[in-house]
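Next up: just one chain, as structure tokens, the form predicted alone.
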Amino acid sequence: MNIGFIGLGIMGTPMAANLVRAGHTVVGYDVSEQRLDELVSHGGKAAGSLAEAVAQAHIVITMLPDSPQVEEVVFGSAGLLEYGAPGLLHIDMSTIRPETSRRVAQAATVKGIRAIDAPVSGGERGAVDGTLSIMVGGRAEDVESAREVLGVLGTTIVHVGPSGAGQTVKAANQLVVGGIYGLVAEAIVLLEASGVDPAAGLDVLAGGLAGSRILELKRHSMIKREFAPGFRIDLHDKDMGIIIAAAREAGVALPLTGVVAQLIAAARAQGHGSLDHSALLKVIERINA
């Protein structure tokens, strides 16, 4: 299958590489020449323009930072709606506002293009290993058309509802992830201040009811204060804005989410935006300094 892949960042490059290894022809486009070169090193092809990546594709996958970038790719004069052939399947795996996904799907339908939102969870490790959790919104028949390709990228693929529903579930995912990071950070600070070995303490927590994927993957690096980005604070701060807006639209109060959003905003304000979101530990440490 010919797949256009737009957005070759921390997540996009290993995802595109996995599609190449699965036997697909992947034509990538990104603003970074270095990222394009990396895709070529994995056996993919580099497009000289967005239009080139889209024009011959059966499927176009977008993995972009935020709603404005997705809107530019879809609605721009050299974009997907202009150059995509009728019948094209657009899989947007970015994390964006649910209303943006709905607007993209509506506009795509007018052009004879199928569009689904399929944001992911699992971070860089999940992208590399092809074990992402994928929450999909859109028409059932379009989701089924995407399953073969999504199966290369993830192990949990769930159709959660109509267009935009995938983004709403991703918002819920991000509020839970942010909250757990904040609580793990507080647990580390408490253990260390109490003279307890945090490694031993978190090993116990990871094996009990408090266990989580975050404790499994991140407890050792957090204790060592290693915050190489798997998912940057800057992006999680953006996601918290999506969550707050979604809560307002749904007419619900999410008080703990508000606290987590402020902690993540504080991390960004303190200059930690380029670090992994586990760097929330830095904020909790600063509060207690």
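Note that this is a predicted model, so its numbers are computed, not measured. Position 1 is the first residue in the sequence shown; the rest follow in order.
Beyond what is shown, the protein has a form predicted in complex with a further copy of the same chain; the following relates to that form.
Among 68 to 76, 186 to 194, 141 to 149, 85 to 93, the region lying within 4.5 Å of a further copy of the same chain in the predicted complex by heavy atom distance: Heavy atoms within 4.5 Å of a further copy of the same chain in the predicted complex occur in 186 to 194.
In the predicted complex, does each of Val176, Leu209 and Ala265 have a heavy atom within 4.5 Å of a further copy of the same chain? Yes, the whole candidate spot contacts a further copy of the same chain.
Just checking whether Leu217 would be counted as a contact of a further copy of the same chain in the predicted complex - the rule being heavy atoms within 4.5 angstroms. Looking in the predicted complex, residue contacts with a further copy of the same chain include Leu217, since a heavy atom lies within 4.5 Å.
Thr168 near a further copy of the same chain in the predicted complex, any heavy atom under 4.5 Å? Yes, Thr168 is a contact residue.
Look up in the predicted complex whether Gly241 has a non-hydrogen atom within 4.5 angstroms of a further copy of the same chain, and give yes or no. Yes, Gly241 is a contact residue.
Considering only heavy atoms, tell me if Ala57 and a further copy of the same chain come within 4.5 Å of each other in the predicted complex. No, Ala57 sits far enough from a further copy of the same chain in the predicted complex that none of its heavy atoms falls within 4.5 Å.
Which one of Val259, Ile223, Ala46, Ala51 is close to a further copy of the same chain in the predicted complex, taking close to mean a heavy atom within 4.5 Å? Filtering the options by heavy-atom distance leaves Val259.
Only counting heavy atoms and a 4.5 Å limit, does any residue of 264 to 289 reach a further copy of the same chain in the predicted complex, and if so which ones? The stretch 264 to 289, when checked against a further copy of the same chain in the predicted complex, contributes Ala265, Ala266, Ala269, Gln270, His277, Val283, Ile284, Arg286, Ile287, Asn288, Ala289 at the 4.5 Å heavy-atom cut-off.
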